[in-house]
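One chain is shown next in structure tokens, namely the form predicted alone.
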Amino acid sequence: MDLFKRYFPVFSLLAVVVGIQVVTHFTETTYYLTQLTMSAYYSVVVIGLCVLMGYGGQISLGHAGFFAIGGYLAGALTTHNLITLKGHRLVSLLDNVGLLVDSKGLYGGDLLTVEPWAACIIAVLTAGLIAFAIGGPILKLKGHYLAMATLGFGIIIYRIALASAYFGEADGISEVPGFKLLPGIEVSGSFVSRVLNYYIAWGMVIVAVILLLNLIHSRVGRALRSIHGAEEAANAMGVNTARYKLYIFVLSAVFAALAGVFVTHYNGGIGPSEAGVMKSVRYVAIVAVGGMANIWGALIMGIVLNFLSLRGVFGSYDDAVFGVILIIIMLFAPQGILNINPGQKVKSLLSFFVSKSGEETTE
């Protein structure tokens, strides 16, 4: 019965995904699938951050950096030509074991690049190793000190992407090839594979949700909840709080990097904006709206808000809208709008304005 309750929403999500695709097919609005596909990838970052914040009790303003590490490394490795280094021992070794791909460039020249699967693994492992390296010291911090430390990390990644010629500087990386997962199944922005890519993206979301649900309901999940509730008490009871916080930080970073890899191949490129501070603020805002410890709430709000943003609903005020959303949620619904009932929302609003009017009367 417990397993049914746990996985019933997953099957419901699968039904909704299929239903949306069928509706767009018969209404000739399949162009919506492009934004829904990208929203799915961004939501993988969001639900990973949701577990970190809601269960691990750690805030991160640097997850756009991990997203960029995955995307930029995958993009650079699959586009930079190694043909001039073909005689080098390491390059020859990689070529012999099938990790390099011979192809033709845009103007007919010979290209020798890293195979997308190998680039993906390298990018995700790099992000995980960086998260492990910085997580040890910075996760000893708490509250706004931790937020500032992760913000600093995000700024460093942004500046490296913006200033490095290897990563295309302000222009970013373009002409990233498709990511062939299996014969006939490729992640790319091709019009003819729009539906296929839609299902690939949502398949990733479903797998990520199942993994996180299993994690939450495991011994590790109980340890994380104890850390979030009272870290000192959990430590006193024998829970290795430092280890669990580090592990969940690395896991959320891997989720972000993997999403970055797939978005880069889907878009055919990546730019410095993906590593910007406002991207990290956006992820935190979405988690706050959906609920800090509510994977389904974070997923739903991630899809809705990212879809509206990608459709250009907010226009040039896009970043401002997410900043305002974060402020409003912190004031009136710190547990997320999907975690409290309407009566509580009204009560919180009234109490806020009553307290303000009382302060003015006192003055």
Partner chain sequence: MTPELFIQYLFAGITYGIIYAIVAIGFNIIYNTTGIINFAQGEFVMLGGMIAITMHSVMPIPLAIVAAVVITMVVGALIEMVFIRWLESPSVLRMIIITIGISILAREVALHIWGESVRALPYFIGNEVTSVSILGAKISPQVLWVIGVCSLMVAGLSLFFKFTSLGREMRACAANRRAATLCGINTKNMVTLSFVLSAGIGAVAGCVMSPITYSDYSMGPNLAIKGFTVAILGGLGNSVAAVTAGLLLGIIEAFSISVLPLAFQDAIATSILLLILFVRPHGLFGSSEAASLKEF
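Positions refer to the first chain, counted from 1. Treat the numbers as computed from the prediction; the structure is a model and nothing was measured.
One more form of this protein, predicted together with its partner chain, exists but is not displayed; see below.
Out of the listed residues R89, R219, R243, R159, R159 is the one that sits within 4.5 Å of its partner chain in the model of the complex by at least one heavy atom. Contact annotation: of the candidates G143, G229, G238, G184, the single residue with a non-hydrogen atom within 4.5 angstroms of its partner chain in the model of the complex is G143.
Taken together, the three residues I138, V281 and L331 all come within 4.5 Å of its partner chain in the model of the complex, as judged by their closest heavy atom. Its partner chain is not drawn, but in the model of the complex it has no heavy atom within 4.5 Å of A233.
When its partner chain is considered in the model of the complex, F167 lies well away from it, no heavy atom lying within 4.5 Å. Proximity of Y317 to its partner chain in the model of the complex falls within the 4.5 Å heavy atom cutoff. The closest heavy atom approach of L305 to its partner chain in the model of the complex falls outside 4.5 Å.
Proximity to its partner chain in the model of the complex, taken as heavy atoms within 4.5 Å, picks out 151-159 from the listed stretches 211-219, 193-201, 246-254, 151-159. Taking a 4.5 Å heavy atom cutoff to its partner chain in the model of the complex, none of the residues in 247-276 make contact.
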